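The form predicted alone is given below as one chain in structure tokens.
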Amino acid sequence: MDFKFSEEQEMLRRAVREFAEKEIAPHAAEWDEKDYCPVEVIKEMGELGFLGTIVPEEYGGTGMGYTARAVIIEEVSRYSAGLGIAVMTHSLVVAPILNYGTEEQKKKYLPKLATGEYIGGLASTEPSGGSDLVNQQTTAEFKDGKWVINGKKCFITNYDIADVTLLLTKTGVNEKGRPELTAFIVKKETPGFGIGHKEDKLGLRSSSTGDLNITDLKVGEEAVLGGRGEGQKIVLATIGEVGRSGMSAIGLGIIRGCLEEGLKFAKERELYGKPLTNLQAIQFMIAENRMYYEIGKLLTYRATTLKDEGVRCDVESSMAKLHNTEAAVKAAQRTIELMGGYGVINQYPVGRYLRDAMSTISAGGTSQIMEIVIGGDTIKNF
């Protein structure tokens, strides 16, 4: 087994790290405090090719794949997990268009999404429940040659900055008596696409999250993605593999941030005339954070490597997501303890890391949902 990144991937990591240290790190605390999503930085990342890694070159992307995407998200989330989830969510419309779209849809949307001219989003969660995907209350009815969509979505990342949103709806009942779900590609300027309430979040505050109010929104057949009744399959596959591997990369970035910040503090801080790193108790904390990072790294990049190879990886993505988001919370708590009184001072970023880490647990499926996915597969196949 080869656990090494390719030379191209290492070059990408260095380029993104340099960008993040220059353009993200100096502003991350301010973005968090002001609850501001830096759209201009996302656009700049698009211009640099960072948003088009999963898009083939023929549609304006780099074609570097999902491992490259995770590298970018990890490096961004090292300093701003909020911006990381905004960038990650962008892929949740890119991937389904690439995987299920018509040639016309691919040519229309992918080049602009790859370059950041368009920002993307996915709207499936509703007030009735996020994990209960089938219980959609948003409806789409075909009238006079148009689909008329009505409903409300909540907790939608990029809700107000996305130029293109993949919108999940109920279009009827299938022959088995089950809800028929259909996905639509909707542009922000479409009449009836209403930007609603913005959520004031605990963490991930460098991203925008809020409601969408859809009222008599009309689109043609060309907006249907993958065909009528294919929405459940499309959204579950997108969240299960693209979303959760992306969330695991965000958690990984937070863990690394905790590891590096804790190590830096312990080297510089002296106690009884010696650096904290001389104390075994501190070494234990650093070792545990290092272990969390290395485990998370293996889980994350195993899942994305499988995805790049065209192998189903929803279970592997769920394991990575479960471990990394839970471990990120523990790593942040441990780093605060390592720093003592300084750990709760907002001059340092570890308090933000803790809030961000706690906020990742419910995004893309709670830890309990991950355990159901992993447990069910284990019972069936292990």
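Throughout, we count residues from 1 along the sequence that is shown. None of these values were measured; they are calculated from a predicted model.
Here the subject shifts to the form predicted in complex with a small molecule, a form of this protein not shown in this document.
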What is the one choice in Lys201, Lys170, Arg302, Lys188 with a heavy atom within 4.5 Å of the small molecule in the predicted complex?
-> Lys201
Which of Val93, Ala123, Cys258, Val242 has a heavy atom within 4.5 Å of the small molecule in the predicted complex?
-> Ala123
Work out which of the listed stretches, 302 to 310, 153 to 161, 273 to 281, 73 to 81, brings a heavy atom within 4.5 angstroms of the small molecule in the predicted complex.
-> 153 to 161
Do Ile369 and the small molecule share at least one heavy atom pair within 4.5 Å in the predicted complex?
-> yes
Is there any non-hydrogen atom of Gln137 lying within 4.5 Å of the small molecule in the predicted complex?
-> no
Taking heavy atoms and a 4.5 Å cut-off, does Ala363 contact the small molecule in the predicted complex?
-> yes
Any non-hydrogen atom of Thr89 within 4.5 angstroms of the small molecule in the predicted complex = yes
